[in-house]
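Next up is one chain by itself, shown in C-alpha cells, the form predicted alone.
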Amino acid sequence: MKEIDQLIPKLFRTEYSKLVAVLCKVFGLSNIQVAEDIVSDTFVLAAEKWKEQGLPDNQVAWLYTVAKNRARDYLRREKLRREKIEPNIKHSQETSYDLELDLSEQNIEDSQLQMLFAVANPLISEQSQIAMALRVLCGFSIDEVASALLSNREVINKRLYRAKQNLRKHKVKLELPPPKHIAERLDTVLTSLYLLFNEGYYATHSDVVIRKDLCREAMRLCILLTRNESTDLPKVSALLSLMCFHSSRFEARFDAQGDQVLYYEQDRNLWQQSLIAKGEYYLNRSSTGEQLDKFHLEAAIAYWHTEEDSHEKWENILQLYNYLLQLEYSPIAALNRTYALARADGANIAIPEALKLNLEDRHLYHTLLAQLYAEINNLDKQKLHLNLALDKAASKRDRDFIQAKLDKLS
C-alpha cells in the first residue's frame, strides 16, 4: 500500500502533463478541462485497482491504455449526445470523433512543446500563464502553484478558470506560434520551468530536502526546448546550465540522517562532476547571443560556486550579484549577495548591508545574520537571530535545522 501511495504521485508528476498534452491535441485546446478530467480519473482508477490487484508490470503503459479507453468512451458519449439529443443544434467543434491517440515519444514531446507555448499566449494574463504552465505542464498541485506564485488556492483557482475560458473563447490552437512570436512568449515558459525547478530544489511543500523528480522534470522540459530549432535560444541554454550546476550538488545537500548541509559545509567529493561539465557546456552555448538576462547571470554565479574557494571566486560572485540586482531585484538574490560580500570582504562589512535589506519576516534573513554574527563571535546576536529564524520558519525541516543550531549553542 505504501509503495503505491508513493508511486502514484511520482507517476502523476511525470505522466500527467504528457497525457493532457496529447489529449488536447486530439480534443482541441478549448477542451483542456475534459483532457484534465480524463487523466485525473485515470490516476484515481490506478490508485484503486493497483491496491486491489497489485502493480502491473508496466505502470506507464497501463496508464496510457486506460487514458486512451476513457478518451474513446468520452467521444462515444459526445457523439451520441450530438446525434440523438441535440440533432438540430449547430456546433462549433474542433474534435474528431475518431480517436487517433498517438502516444509515441516524439508526439508526446511535440505536444508538450506546443502546450508550453499555447499556455503562454498573451491573451491570458502573465500570472495566469505561469499558473497554467505549472498546473497543466508541470503537474503542480493547486497548493504548490499558490506557493510558487506567493498566492492562495482561491486566487489560483480563479486564474486557472479565467485562463481556460479565454482559451475556449479565442479558440487557441495547440501549435507552436510563428517564429517572430516565440521569443516574446519564451520568458513566461522559462519562468515556469525555473519555478518548477526551484520548488523541487527547495521543496517548500515537503519535509524532504530535495524533490529530485521536480528538478528532473524541469530539466527534461528545458531540454525539449533545446531540441527544437525555433526554441533553442541562448537563454534556454543559460537556464539549463543553471539547473545542471545546482543539480550537481544534490547528494551533498543533506547527510545520512537527512539533515540539511549548508553550502560551505558540503563535501565536494559528493558533487557530480558530469553535471558540472554539462553545466559548463550549456553555459558556453548560452554565450552565443547578444542579449544578457537573469538566467545568464544566475548560471555564471552557479558556475563560480563549483570552483575552489578563493578571493577571486567570491569577488566574481559578488559582482555578478550586483549586475543581477540591477537587472531584476529579488529578496533572495539580495540575501545571497550579502553572503558573497561576507566571503569577499568579511562579516563586519556584510552585516550593515544585511541590516538594510528589511527582510525581518523571512527566516533565511535571520539565519544569515546569525551566521554572520557567529563569524565575529557575537553570541548574543547569533542566538537572537536564530530564535527569530525559528519563529519565522514555516516547514518542520527548517525549524529542526534551526533548533539544532540553537541546541549546539546551548
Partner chain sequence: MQEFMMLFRHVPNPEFEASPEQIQAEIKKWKDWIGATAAQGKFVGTNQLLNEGKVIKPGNVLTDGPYAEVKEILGGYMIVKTETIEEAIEIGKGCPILDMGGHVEVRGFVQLDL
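Numbering follows the first chain given and starts at 1. It should be emphasised that the depicted structure is a prediction, and the values quoted were computed from it without experimental measurement.
The discussion below concerns the form predicted together with the partner chain, not included here.
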**Request:** Could you work out which of V145, A218, L318, L174 is the residue within 4.5 angstroms of the partner chain in the predicted bound form, going by heavy atoms?
**Result:** L318
**Request:** Identify, from the list I223, I276, A334, L233, the residue with a heavy atom within 4.5 Å of the partner chain in the predicted bound form.
**Result:** A334
**Prompt:** Tell me which of 295-303, 192-200, 71-79, 323-331 has residues with heavy atoms within 4.5 angstroms of the partner chain in the predicted bound form?
**Reply:** 323-331
**Contact flag, L45 vs the partner chain in the predicted bound form, heavy atom cut 4.5 Å** = no
**Asked** Should K51 be classed as touching the partner chain in the predicted bound form when contacts are defined as heavy atoms within 4.5 Å?
**Response** no
**Message:** Under a 4.5 Å heavy atom criterion, is D41 part of the interface with the partner chain in the predicted bound form?
**Reply:** no
**the partner chain contact in the predicted bound form: L357, any heavy atom under 4.5 Å** = yes
